[in-house]
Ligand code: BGC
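As a starting point, one isolated chain is supplied in structure tokens, in the form predicted on its own.
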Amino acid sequence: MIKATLNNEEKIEELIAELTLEEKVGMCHGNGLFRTEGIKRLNIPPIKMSDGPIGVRNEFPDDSWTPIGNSDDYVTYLPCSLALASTWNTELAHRSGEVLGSEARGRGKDIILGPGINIIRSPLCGRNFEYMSEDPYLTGRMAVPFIRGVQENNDVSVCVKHFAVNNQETERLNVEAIVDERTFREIYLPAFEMAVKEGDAYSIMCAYNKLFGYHCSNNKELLQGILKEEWEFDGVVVSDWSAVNNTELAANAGMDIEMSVTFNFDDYFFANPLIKAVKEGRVKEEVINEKVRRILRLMYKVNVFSEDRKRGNYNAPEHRQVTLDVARESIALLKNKNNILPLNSKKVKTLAVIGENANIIHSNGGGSAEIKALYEITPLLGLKMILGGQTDIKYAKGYSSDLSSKEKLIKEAVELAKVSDAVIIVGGLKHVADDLQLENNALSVNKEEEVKHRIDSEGYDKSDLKLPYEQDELIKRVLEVNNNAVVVMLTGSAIEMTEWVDEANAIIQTWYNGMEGGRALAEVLFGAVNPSGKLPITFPKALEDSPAHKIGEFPGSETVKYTEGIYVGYRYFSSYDVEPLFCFGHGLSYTEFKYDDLNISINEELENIDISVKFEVTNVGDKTGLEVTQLYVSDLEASVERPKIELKGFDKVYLEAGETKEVEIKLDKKAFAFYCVDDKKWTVEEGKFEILIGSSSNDIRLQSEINVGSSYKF
């Protein structure tokens, strides 16, 4: 028996001493699709995992991908990560994490597989909805409170994914990302480093792809060198499912737990083959001990051995309130010419709701992000809930995957739009390719791939930015008969709008917005909520305007070359003067905000720079609103090529009509640094920098030059 008076590290060493090699190895691989092996004789339970972070996935047997199907795994459906990032609200990120952590623990899980924090490099990646932004700073600043929310009070661990440079689904198991060291450090690593150092993430999931010549699961430089030694990560590295392909390389590289999609658990690379590798001397037993040490350390962190471990809770009313709060603040008003919005419920007696996305649910798709939502309020349901019986709401599908019915559906929609007081078109993308049931379930492989390229889902990248199912024609023809029709895009990524964006007076961007998404959208449309979402990604006018496609490669073949380097997202658009459709950070309000009185104080210390940036924001309109103030930095005298602007701070401010508040954003040396490949250090050069304060990356309201008097390397 382990003495109760020992500290956890001492208990861990005593447990390791009592374990056989076979028992140690059993703890290092899946013995079920979502669990490891426990050691009954030492009262060590298995580690139980589940997909996230949109919600805790439904239950599977150990050895089947057919869900168990009981009624006990319905859960709260949270807005997707891209929607959360669109709030630019770190408090909401923390509250979302608290909900996910509580629900995971309530379902008996030890690790929830999320958040996903890969950079959105191309608008075509099928998993963009699972990620947060094209910007590493915004991603990290939203991920850290989310991670803390999951872990702090719930006795459950996150598993931050996918480490690293995993930015596409095409050939994801084999493709090698060719990225230079500076880009790697400045764009693709910072959010993970913040997750480890500031978020104290207990576990990290390695990616499928190759990097620097090795699969990430076999990459000693990545897992052992950067993650465990440089960043001093003391947690567990979990493989993505079936990411491990070599026992010896992965074991010695720093992989701790192998998970996979097959049911031959004893044959996993970290099962019998690992025992053999140790006995043959190809892997030292101390390497296995270190894996077990980390696994046990995680188990102590989440109080697996404690009788007072948190029970968790799922489907709580307060959890549903958080999903509604996030959904409300995530919706971005992209265009509102002539103040078409908000609609007036007292004047709208007949409302036309057009578009399939108004009437379908999304929680049951997307690949591993799918969940069994307790409920999901669609846009059509949300509108009927908020308007009640005083408004006659009629629905027209408008478009369908069955293109033979295209003209009939469009005509129905147009005729309805002609005779309605207001028109709302809800288009976009979806998670589930339900049209695979066409043609008597006898689709060709090419047809199946074509269909799946139209959806946001794990395993598939889209082939273009165009709206599927002839939606552009539908929108144009409805706008011809009613140019005040409101266009709502419901997607998990940027899409092309050039065919009708000039004709539309009002455009709203919403996302896979959780169980309360339809209610939140209705509240925004009719003014009960003032929109405050800001785009965490750039919407290009055309795919070829995106840097991964203009300068780099996507999706490549055996390799994909990141030759756009550091010019990802708005860094490219601003630096190369490419006009986007809607810029990074863009989002309008039903009120107006004025920025004044920029004041910057600088205190240079021996090892750091302490800068305080203060300014005033006034709500000069007649409605209460929230404004996301954004701070960008520009290096005016850099000795190396740098983007024109880089986001280095933001704050979301609540203002009553007529109210003024002072905003303060603090900066340190990290805000001015670039990664010097020669020195292998972050570097701040002395010289002139510009501080820019704006409502978006293209809407700068205040700016001022500062001088940094010394150089810094760290």
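Since the structure is predicted, the reported quantities are computational estimates derived from the model, not experimental observations. When you see a residue number, it is the position in the sequence shown, counting from 1.
Same protein, other form: the form predicted in complex with beta-D-glucopyranose (BGC), not shown, and the subject of what follows.
Can you work out which of 430, 294, 172, 107 has a heavy atom no more than 4.5 Å from beta-D-glucopyranose (BGC) in the model of the complex?
Looking at the other structure, the residue within range turns out to be 172.
By the heavy atom within 4.5 Å rule, which residue out of 78, 142, 113, 548 makes contact with beta-D-glucopyranose (BGC) in the model of the complex?
Contact residue from the list: 113.
Is residue 455 part of the interface with beta-D-glucopyranose (BGC) in the model of the complex - any heavy atom within 4.5 Å?
No, residue 455 is distant from the partner.
Even though beta-D-glucopyranose (BGC) is not shown here, does residue 590 get within 4.5 Å of it in the model of the complex, heavy atoms only?
Residue 590: no contact with beta-D-glucopyranose (BGC) in the model of the complex.
I'd like to know whether residue 362 contacts beta-D-glucopyranose (BGC) in the model of the complex, with contact meaning heavy atoms within 4.5 angstroms.
The answer is no: residue 362 has no heavy atom within 4.5 Å of beta-D-glucopyranose (BGC).
Contact between residue 57 and beta-D-glucopyranose (BGC) in the model of the complex at 4.5 Å, heavy atoms?
Residue 57: yes, in contact with beta-D-glucopyranose (BGC) in the model of the complex.
With beta-D-glucopyranose (BGC) left out here, work out from 235-243, 578-586, 220-228, 317-325 which stretch has heavy atoms within 4.5 Å of it in the model of the complex.
Only one stretch passes the 4.5 Å heavy-atom test: 235-243.
For the three residues 121, 165 and 559, verify that every one has a non-hydrogen atom within 4.5 Å of beta-D-glucopyranose (BGC) in the model of the complex; reply yes or no.
No residue of the spot touches beta-D-glucopyranose (BGC) in the model of the complex.
Does any residue in 180-213 get within 4.5 Å of beta-D-glucopyranose (BGC) in the model of the complex, counting heavy atoms only, and if so which ones?
Residues within 4.5 Å: 205, 208.
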